[in-house]
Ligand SMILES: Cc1cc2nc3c(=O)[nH]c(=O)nc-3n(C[C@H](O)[C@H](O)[C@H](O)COP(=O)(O)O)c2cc1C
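Let's start with one chain on its own, the form predicted on its own, as structure tokens.
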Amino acid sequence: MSVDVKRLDGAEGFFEVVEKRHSVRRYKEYDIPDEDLKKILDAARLAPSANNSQPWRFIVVKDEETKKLLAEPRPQTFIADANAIVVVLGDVSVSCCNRATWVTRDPMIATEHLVLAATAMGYGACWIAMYESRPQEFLDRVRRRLKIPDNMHIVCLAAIGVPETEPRPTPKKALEDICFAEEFEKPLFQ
């Protein structure tokens, strides 16, 4: 039986975007146009989620003082230098299944869509994970400043902006080292 696989036009461009995506931590001063932010956020909106619950919510921060707050208390000052910071939230009240798990996983998938869209549009981006490991007092200040309701979990941040320099590729493991056929460590590709 013959099956015709229909590749999307521009499929090669997708792989180029994936290869070009790097964590950017230095940004030029620039005001990202709202139309660009809208496209980037729309890509995140289209992400898959368990039971199609779509538990993500996004707060876009451009205010300089609020960006400085978000960069605390770790020495991650580059966050404040981003042209925009997207605060990624997970809505516990709509998240499916094991809420503690999917309320973070689904928004993280959406965040990767956001980061890839930003890359495709010529911007640089950087995930800022481990936000929940910040001191509770700090998280409470962020919640008050951004008026985040109690049913929303702060999942991560995404810094977005025009890269100051071309990011250098980081080493990645070889495909043969991470992909297996039928069982662990049985080579998939010979």
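Just so it is clear, the model here is predicted, and its values are computed rather than measured. From 1 onward, residues are counted along the sequence shown.
Although it is not shown, the form predicted together with the ligand is what the next lines describe.
- Heavy atoms within 4.5 Å of the ligand in the model of the complex are found in one stretch of 52-60, 22-30, 39-47, 143-151, which is 22-30.
- Put simply, of 108, 71, 94, 120 only one has a heavy atom within 4.5 Å of the ligand in the model of the complex, and it is 108.
- The ligand is not shown here, and in the model of the complex it never comes within 4.5 Å of any heavy atom of residue 173.
- Remark: residue 126 counts among the residues lining the ligand in the model of the complex, judged by a heavy atom distance of 4.5 Å or less.
- The shortest heavy atom separation between residue 101 and the ligand in the model of the complex exceeds 4.5 Å.
- Residue contact with the ligand in the model of the complex: residue 76 places a heavy atom within 4.5 Å of it.
- No residues of 136-157 lie near the ligand in the model of the complex, the criterion being any heavy atom within 4.5 Å.
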